[in-house]
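For this one, two forms of the same chain are given in structure tokens, first as structure 1 and then as structure 2.
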Structure 1
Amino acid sequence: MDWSIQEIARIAGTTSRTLRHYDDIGLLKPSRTGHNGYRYYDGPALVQLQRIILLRELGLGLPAIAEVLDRETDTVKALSSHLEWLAQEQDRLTRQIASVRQTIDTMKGDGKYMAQNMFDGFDHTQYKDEVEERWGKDAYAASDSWWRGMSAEEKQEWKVRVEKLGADWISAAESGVSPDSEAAQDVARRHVEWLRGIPGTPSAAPGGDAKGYVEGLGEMYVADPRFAANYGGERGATFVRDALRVYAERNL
């Protein structure tokens, strides 16, 4: 069984023009082309399109998506990993919804705010497993305690700083400068300073393996689409990794 390009565009919420572009760049080939020139797509092609859409929602560009699809040929394994990530996101969004709903109810009711409930789902706990696996439970506990001890204003300032850092990385990568350039190394310096401000990390602890930590983070930015999305996709994350590696070699 297969479907016409118009049917797939309607079902997937995209356009025939987009699907034709995916065909032109080799990202998604139709399973067959009719005598009338129409493209048709079968089940495996739909699975490929689903993966493309999921990766686009992570913020990856088409070249980065092509690299992921070429590298991760085990479709079931890849979709299982993505499903796990979606489940984590679902849990986070569910907690955010409950938190905002509670705030609205409080504003309509007695006005007694519960600060510990207002920011559930907005913090960094989504990375708990990664942090504990790579750097231990003590590292996570220290950073978690530090984060929860912040005021709402301090948390917002921190988030703005992180967003600015991510935007500067993307700008540097897209400007065409090399990872060891002065401009890239300036952003790398700020990135390491930012990391040193997080208690519990090896870069913050006296005698910690700051060099190994920074280089390891760079590798994780590239390997994990969730992190790569902060830097414009895998290509941007690769630039960040290379720049951080240069900085670590020179300064840590």
Structure 2
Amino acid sequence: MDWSIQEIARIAGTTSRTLRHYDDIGLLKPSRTGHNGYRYYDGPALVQLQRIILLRELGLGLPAIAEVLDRETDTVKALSSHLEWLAQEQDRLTRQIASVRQTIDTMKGDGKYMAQNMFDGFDHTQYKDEVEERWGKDAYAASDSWWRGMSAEEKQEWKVRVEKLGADWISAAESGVSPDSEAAQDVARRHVEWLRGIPGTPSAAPGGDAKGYVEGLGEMYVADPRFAANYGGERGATFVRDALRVYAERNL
């Protein structure tokens, strides 16, 4: 009264390969093995197999299932902790979906963002004189040719990055944490790394005054309403300035 490997596979709704795999990892051994090496399974083995399949359909991993089968863990307990993991995954997915949606919207350019044309790379020519005056002709030229050298898609994605950085600054400022908190400093780090991608930025190497540059930028974000608007107004810009100052002090 036992079945061959294909037979229980069909009965249980799985494949013979899966059965062999379970045998290999010791999850479910055949109840009997023929002299020819054939695997045979009996009733209790089928019951075990059906338990395994049930738990697998719920998403449990094979090691977790093995624990349940070895009576090291309660099934309900295993499922409960699995449920937590599932909930976390769902959260992550939800956030990612929101992110993708926003990115698509930004890229499609619904006018709202396209019209902004911020200094941060969106329309260099508009600020030509200002940039030349502040950082010199070379800086503008380098920055401009860099920007012109990008494809439309690259520009789109650059904008998206700027958006995200701005959004992260705002949410950090509004979350009420201090500018020297780890969260804020992480955004500051990303901000500085982002700046490094723009030609004309002083390098962090000795000789390039990256520290003064970053601190100066921070002040400008506060002083210039066009920038402040990008970081959630004056309060936001102040937060950005403080966080950048701390970051520059510590790392540049």
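Quick caveat, the model's predicted, so the values are computed rather than measured. What we label the rigid core is the largest C-alpha set whose atoms superpose within 1.5 Å from one form to the other. Sequence positions of structure 1, starting at 1, serve as the residue numbers.
Trainee: Structure 1 or 2: which one is the form predicted on its own?
Mentor: Structure 1.
Trainee: Kindly check if the Cα atom of residue 168 is displaced 2 angstroms or more between structure 1 and structure 2 relative to the superposed rigid core.
Mentor: No, its C-alpha moves less than 2 Å.
Trainee: Once you line up the core, how about residue 239: does its CA shift reach 2 Å between structure 1 and structure 2?
Mentor: After core superposition, the displacement of the residue 239 C-alpha between structure 1 and structure 2 stays below 2 Å, so no.
Trainee: Do you see a C-alpha shift of 2 Å or more at residue 157 between structure 1 and structure 2, with the core held fixed?
Mentor: False for residue 157: its C-alpha shift is below 2 Å.
Trainee: Once both forms sit on the same core, give the Cα displacement of residue 9 between structure 1 and structure 2 in angstrom.
Mentor: Residue shift at the C-alpha: 76.7 Å.
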